[in-house]
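Consider the single chain below, provided in structure tokens and representing the form predicted on its own.
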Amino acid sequence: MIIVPEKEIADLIDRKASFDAVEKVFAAMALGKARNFPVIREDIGYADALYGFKSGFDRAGLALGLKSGGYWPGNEARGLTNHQSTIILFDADTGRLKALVGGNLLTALRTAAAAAVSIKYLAPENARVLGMIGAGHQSAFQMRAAVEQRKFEKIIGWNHRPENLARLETTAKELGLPFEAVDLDRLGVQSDVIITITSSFAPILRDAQVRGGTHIACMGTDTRGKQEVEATLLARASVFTDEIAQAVSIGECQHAIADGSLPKADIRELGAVINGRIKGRSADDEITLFDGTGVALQDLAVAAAAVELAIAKGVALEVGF
């Protein structure tokens, strides 16, 4: 068995490798060559934690395995990231344990990569203003990945706790871009691309706040009951997702499906756009929305890449099992 410790991940996988892995696996999913299995995600009734498992199998890349982990909201006060994850890979031919991979940084990178892939295929080509809703640990990863897809000239942001917007301002400064804290009305009107990355259980962004021609990447809703945007906004938008089954059960789409404002048949896979089977953005004034629920195959793809690089660089630990 190979072990790739969390401390080695930063020197193995960068944003480009994550983007390439996620783009490729989305395409494979849309072709039916890769499949995610049903998600298990529960409130454990302790430490306000959400814990679960995501698993799947990519026949093309022979990546079989699962990610175990969840969200511990008190971790930041302990000097830890709130999201804690470990990825386990198995040999597809025998079922034997193949690798144990630190999943915290990989989860952050693959989540940001998914939003970036959606921007590449769905955002207006002339997008210049990036709006960020949420200023937690993941927001910096989202911003860095997003700005590589369009020639953004400005970042604007909103957060439930305004004092935490310093993270967005610092990240924007590192990227050489101006940052401004705004209210949600201004963010909705001025943004060409909006990324929502919160743990909200009530809608933050309202339908009336968003103008046409905007691309929205909803990246925080991955559990039953979570919600970042008003359901009527999904009904007005052209909706794409990583996986339809997860979108309607635990993603942002769950609420619009439940109230009947969004037919399931209107939700499209981003992978089908990547493969050229369907069109992405079709009009300048169209609102496109990506429901990024976070699928197991993303985790397995980046973990498999990390294992190969760790072996090649001699930093993988091999133990008997």
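Residue indices: 1-based, along the sequence shown. Please read these numbers as outputs of a predicted model, since none were measured by experiment.
The same protein also has a form predicted in complex with nicotinamide-adenine-dinucleotide, omitted here; what follows describes it.
The chain here is shown without nicotinamide-adenine-dinucleotide. Which stretch in 291-299, 273-281, 30-38, 56-64 comes within 4.5 angstroms of it in the model of the complex, by heavy atom distance? Careful reading of the contacts points to 291-299.
Is there a non-hydrogen atom of Gly136 within 4.5 angstroms of a non-hydrogen atom of nicotinamide-adenine-dinucleotide in the model of the complex? Yes - in the model of the complex, heavy atoms of Gly136 and nicotinamide-adenine-dinucleotide come within 4.5 Å of each other.
Taking 4.5 angstroms as the cut-off for heavy atoms, does Ser199 touch nicotinamide-adenine-dinucleotide in the model of the complex?
Because a heavy atom of Ser199 falls inside 4.5 Å of nicotinamide-adenine-dinucleotide in the model of the complex, the answer is yes.
Handout entry: Exercise: His160 in contact with nicotinamide-adenine-dinucleotide in the model of the complex, heavy atom 4.5 Å
Key = His160: contacts nicotinamide-adenine-dinucleotide in the model of the complex.
Can you tell me if Gly220 lies within 4.5 angstroms of nicotinamide-adenine-dinucleotide in the model of the complex, counting non-hydrogen atoms only?
Result yes; Gly220 sits at the interface with nicotinamide-adenine-dinucleotide in the model of the complex.
Going by heavy atom distances of 4.5 angstroms or less, which of Ile244, Ile204, Leu105, Val147 would be at the interface with nicotinamide-adenine-dinucleotide in the model of the complex?
The residue in contact is Ile204.
Proximity to nicotinamide-adenine-dinucleotide in the model of the complex, single hit among Asn82, Ser238, Gln209, Thr171 (heavy atom within 4.5 Å)
Checked against the cut-off, the match is Asn82.
May I ask you to list the residues of 256-290 that have any heavy atom within 4.5 angstroms of nicotinamide-adenine-dinucleotide in the model of the complex, in sequence order? Result: empty, none.
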